[in-house]
Each structure stands twice: as structure tokens, then as C-alpha cells.
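A single chain comes next, written as C-alpha cells; it is the form predicted alone.
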Amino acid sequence: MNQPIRIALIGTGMISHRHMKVWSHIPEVTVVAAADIDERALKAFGAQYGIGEENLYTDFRQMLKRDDFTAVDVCVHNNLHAPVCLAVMKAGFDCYDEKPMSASYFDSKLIYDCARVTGKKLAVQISSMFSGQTLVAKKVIDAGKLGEVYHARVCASLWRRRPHADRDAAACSAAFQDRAMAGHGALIDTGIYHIGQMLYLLGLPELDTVLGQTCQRLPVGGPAWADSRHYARLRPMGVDEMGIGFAKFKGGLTLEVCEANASNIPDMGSSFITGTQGGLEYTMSDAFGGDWSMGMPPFGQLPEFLQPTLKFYGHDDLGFAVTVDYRPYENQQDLKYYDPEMMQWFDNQLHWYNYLIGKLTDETRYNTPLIALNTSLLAEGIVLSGERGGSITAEEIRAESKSIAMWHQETPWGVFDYDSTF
């Protein structure tokens, strides 16, 4: 590598600290400036990471007038992704967009098209793409080991029993439950990891129709074991906690979706892909950003219960059933740290860095913007299908989707108006 890149960062909340952990592992990258409307949080961020006050901005638009950095890491809330990413790329900077791409298909398409028009290098954070689970699964599918793939299921697996972003995760703010700021809940928040990974493994099939429903039933503000006698003092979730869908693609491929931030079932099952010759089953797609973002030391690894798994089911040449447990995370663990050529496929931000310096091209990189856009189309279909009470076609999703981004933002620190044109 050895090609220095100077980066500015917008948004100094919870997720920015994970990003900073990763940047600290890439010596060629320096974060030289940061912006946040909350001046107190901004100054604390600067002090923590050694960014002088002269390089801190309460209005990121002033920061974008500088010419001594080349790329911007965007770590704001969902409905600010489109306004901020557009401003970044129109100002002439390459852009890294924290997940999800945006809260609606319309806004995601704005970001995608802006990158295309401006020629800027855009990436979307999709941690599940960067693990041995994805690498091995894709190789198995591309080698034809599954035969003709005809059905799949994607599911938020394990550890998702009644957690709420602003209560059970101390670092999360109430904005995660604010529909105006967040847009939606689990369907886009963790859905980008599970649905995005699945669509990539399936080869980004062309969507035909969607039938779906989002749910907003479980209360927030009391213990997970609270019974009906306690519900009177609990408040409803501000965004949907569950999204359920059934998608049909051109050619007949079908996909079930079950994404939940909270439910009374601790394990909703595994994700799988089934074909005429074999099947793949997997759990715990990486939704944490890998070892670097979790602060793990070299050669350390995520706890056992968070490690991605992958199993192949098929038959040998004699027709006997065969099961192969790949354990891709464990098998690749040492190799990825020793070999920087491998590590670029295990980390979002290192992957983007290699794209910025030209080591990865549009043809060789994970095209996370396109993956995220396809994910957004399917998620929007589930939302719109639930609203209309019936199935919806891909063409209708594109026609009916609208912007829900925060183009006018009133804050205690001033009013911000953003431009949606480019």
C-alpha cells in the first residue's frame, strides 16, 4: 500500500468510534478533520483522537471548503445520509457512507446517481461482505456446487431477543427510535447486512414482485420480561422492529426475508440457499465490522457465539449425503492478518482505501453501492407492500418510492438546509 490518504469525518457519534478504530490499523490513512453539530461531542472527539480544534467544524459545509484531504467518511443518521453524501460528492470528495445507504430507495438512488454523475468513488459499509463466510459461499456457488439455485431465506439470526437501540445498547442515541431521523428500524438497520449479503451471493438477481409487512408492536421503556400489566407505562417503538417479506425475481428465484430488532423468539433460524445439487446454510453474518472495528488485537477474534458459520449440504459421486462445515472465519483467521492481500477482503474501510488508491477497480471491488441499492429496493418493497396490503412490482416500487431524507434540519445549534440537486 504505502500511499497516504487524508480523510475528513462527518458525525462523531457511536459509529464514528468504530471507524476510528479501523483507521488506526491502516497507517497510510490519517483523519485530519471532523464535523458534528454537537460542539461538545465534537470537541471530545477531537481530544480523544488528537484532532486540533482548528480542524473541528460544527458546520461540515465549511469543512468541505478545504482542499487538503481527498475523501470523507460519513457517520450520520440514516435520513441525513442522502443530504450529506450528496454535499460531499458535489464538493469534489470521494465518499464512504455508513450503513444503510439511506432510509428509502428514492434517497439511495439519489446517492448512487450522484456518484455516477460526479465520478466520485462511493462505498457503503456492509460488514457482512467482508468475512470468510461470504468469500467461501460465493466460491461454492460460482463453482456450481449448488446446481440451479431456486430458493433462499435470509434471517436475522440469534441474539435478537427484545433489544432496543436506545435502551439496551448504551452507546445508541434516541435518534435510533426517531422516525424522522432513522426512517425505519431493523429492515434497513441490520437488513443491509443480511439482505445485502444474500443478494450478492445470489448474483444480484432482478427483482420482480414483493409481498411484505413491517411490524411496530413491541413497547420500549421497560424490562424485556414485562407482562401486560406493565405495558401501560411503556412507549411504543418509534420505528418498525420487524420486517417480513417474500420476494420473487425474474426467472422464478424466490427469497424469504425475516429481519427483526426485537421479538419474543431468541433464535429465528438460519439463512440458507438451496439449489438442485446442494445447499448452503449460514448464521451470524458479520454485523459488527470485523475484528478491527471491535478493537480486537491481531490474531484475536470475535467471541465464539458471534462467529459466522457456513455449512454445505450435498451428495458425493455415489449419491451419499455429504455435509461440510466450512467454519470460514476460523479457517481464515491467521491468514488474513499475515497477508494484506487477504485482509482487504476482510475489512470495509481497508477495501475502500484500496479502491481509493486504484488497487481495486470498479470491476474488481465489491460494488457495495450497487448491492446497497438493490437491498434498498427490496426493503422499500416490503414497506410499500405492507402499506398497500398486497404485492408490489419492482416498477411500482421505483415509481412510488419518495424521499424521506431530512433536507431541512432544525437543531439547537442552527438550521441546516441541504440541496438535493446535482
Ligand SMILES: NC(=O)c1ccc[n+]([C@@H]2O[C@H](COP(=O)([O-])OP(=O)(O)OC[C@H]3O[C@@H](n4cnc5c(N)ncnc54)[C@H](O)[C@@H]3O)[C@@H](O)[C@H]2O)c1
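Residue numbers run from 1 along the displayed sequence. For clarity, every value in this text was computed on a predicted model and none was experimentally measured.
Below, we turn to the form predicted in complex with the named molecule, even though it does not appear here.
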#### Entry: Location of the named molecule contact in the model of the complex, chosen stretch of 390-398, 48-56, 34-42, 368-376 [non-hydrogen atom, 4.5 Å]
34-42
### Task
Report whether the minimum heavy atom distance between Lys109 and the named molecule in the model of the complex is within 4.5 Å.
no
### Message
Just checking whether Met198 would be counted as a contact of the named molecule in the model of the complex - the rule being heavy atoms within 4.5 angstroms.
### Response
no
### Task
Verify the contact flag for Gln409: yes if a non-hydrogen atom of it lies within 4.5 Å of a non-hydrogen atom of the named molecule in the model of the complex, no if not.
yes
### Task
Please run the contact check for His77 against the named molecule in the model of the complex: heavy atoms, 4.5 angstroms, yes or no?
yes
### Query
Of Gln133, Gln125, Asn261, Ser104, which one comes within 4.5 Å of the named molecule in the model of the complex, counting heavy atoms only?
Gln125
### Task
Any residue of 259-282 with a heavy atom within 4.5 Å of the named molecule in the model of the complex counts; write them all down in order.
none
